[in-house]
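A lone chain, given as structure tokens: the form predicted on its own.
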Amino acid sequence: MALDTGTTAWLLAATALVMLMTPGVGFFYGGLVRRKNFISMVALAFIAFALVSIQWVLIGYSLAFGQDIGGFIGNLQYIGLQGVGMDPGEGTYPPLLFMAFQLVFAAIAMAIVTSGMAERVRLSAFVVFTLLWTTLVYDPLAHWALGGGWAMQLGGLDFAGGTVVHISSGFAALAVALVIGKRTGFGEYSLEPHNIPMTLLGAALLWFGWFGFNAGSALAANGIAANAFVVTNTSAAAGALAWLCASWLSGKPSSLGMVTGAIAGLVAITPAAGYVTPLASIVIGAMAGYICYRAMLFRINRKLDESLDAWAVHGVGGLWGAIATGIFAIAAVSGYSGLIEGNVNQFLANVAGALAALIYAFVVSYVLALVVDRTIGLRVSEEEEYVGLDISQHGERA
């Protein structure tokens, strides 16, 4: 097929937008930790991006999008990007560009996982865990849902990687947090965010980049991309207002809660963006804001130090989004029908894919974290944690 310059230009822009989300996560998380760990959180996001970039070029893309092996993983036909060229081939854009677009998704997933190890992870252990997690957790899940694996064969819908990115990273963060243990002083004294404006800036970058995340996943400059763009913004707004109202009923209307609700709305609409209407996205986003808010309270009440709530927002929000896709997908948008139009099979396929991803991501992430912890040590020493990771791991001050 001939190269479509409009689609190619849009995918180049969308890839750049999604890339910006990884440092956006760094700033979002960096504002939530104490000042002595700010550089560490931003650096972990950049390091994750660099590591995943190399892993994806060498083997990750092939494992995710290579020829299917038993519905579980791709083969190594694209190892080192062999055969991934500039000519459009069967599509209307270069396969090399599609590879880059999927790369930035893999990178942000790993950046989200840093929530579960904030303020206490050894940098060398993080490097090892990142390479293992991307290869053994993210790549298989990407193949299942996006690269022709069993979830796609079953008929599951995941427009922009809600299962792959958000369920996987959210439940992985919880698993890592359980292995690495609570921060020193957690539950004993306040571990308040040091810079909420920085977190608000990070949220703005994420909201902005999410237009590339979702609308870019149409893989064309067309009406589906426009719909994805609109429902992305609408769901984010609904999530922000829902969380704001829920927190307002319990006290002050927190700006931090508002942007966290927006992220929850963005997470939930990710798998549904190409399949639902703007009106449905209001319901999806509002429910995400409330459900994720309650998940955060549950996490706090159970005294779980999944430090920055990737589980509550990305894990639980991603799970709701996958289920909501199976409910609210309508044929008028993209030809796919969900439960609301009587398609029970679609709903069950989405639930099955989401639950399988949840269990796989949590169990394998827990095992990997345990292996890294038992071999090289996942956590810094008590003295290094007291001084802060900025100095102890990077030799720098914010």
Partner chain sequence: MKMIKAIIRPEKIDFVKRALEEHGFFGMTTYEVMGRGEQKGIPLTYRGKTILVDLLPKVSVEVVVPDSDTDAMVNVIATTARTGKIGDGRIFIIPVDESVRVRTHEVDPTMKQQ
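Positions refer to the first chain, counted from 1. What you are looking at is a predicted structure, and each value in this text was computed from that prediction instead of being measured.
Another form exists, predicted together with its partner chain; not displayed. Remarks below refer to it.
With the partner removed from view, the residue among Leu123, Leu297, Leu76, Ala226 that has a non-hydrogen atom within 4.5 Å of its partner chain in the model of the complex turns out to be Leu123. You can rule out all but one of 206-214, 108-116, 78-86, 182-190: in the model of the complex, only 182-190 has residues with a heavy atom within 4.5 Å of its partner chain. Taking the partner from elsewhere, Ala13 is found to have every heavy atom lying beyond 4.5 Å of its partner chain in the model of the complex. A residue is said to contact a partner when one of its heavy atoms sits within 4.5 Å of a partner heavy atom; Thr7 fails this definition for its partner chain in the model of the complex, lying far away.
Using a 4.5 Å cutoff between non-hydrogen atoms, Leu20 does not count as a contact of its partner chain in the model of the complex.
For Ile391, a non-hydrogen atom is located within 4.5 Å of its partner chain in the model of the complex, even though that partner is not displayed. Residues of 32-62 that come within 4.5 Å of its partner chain in the model of the complex, judged by any heavy atom, reduce to Arg35 alone.
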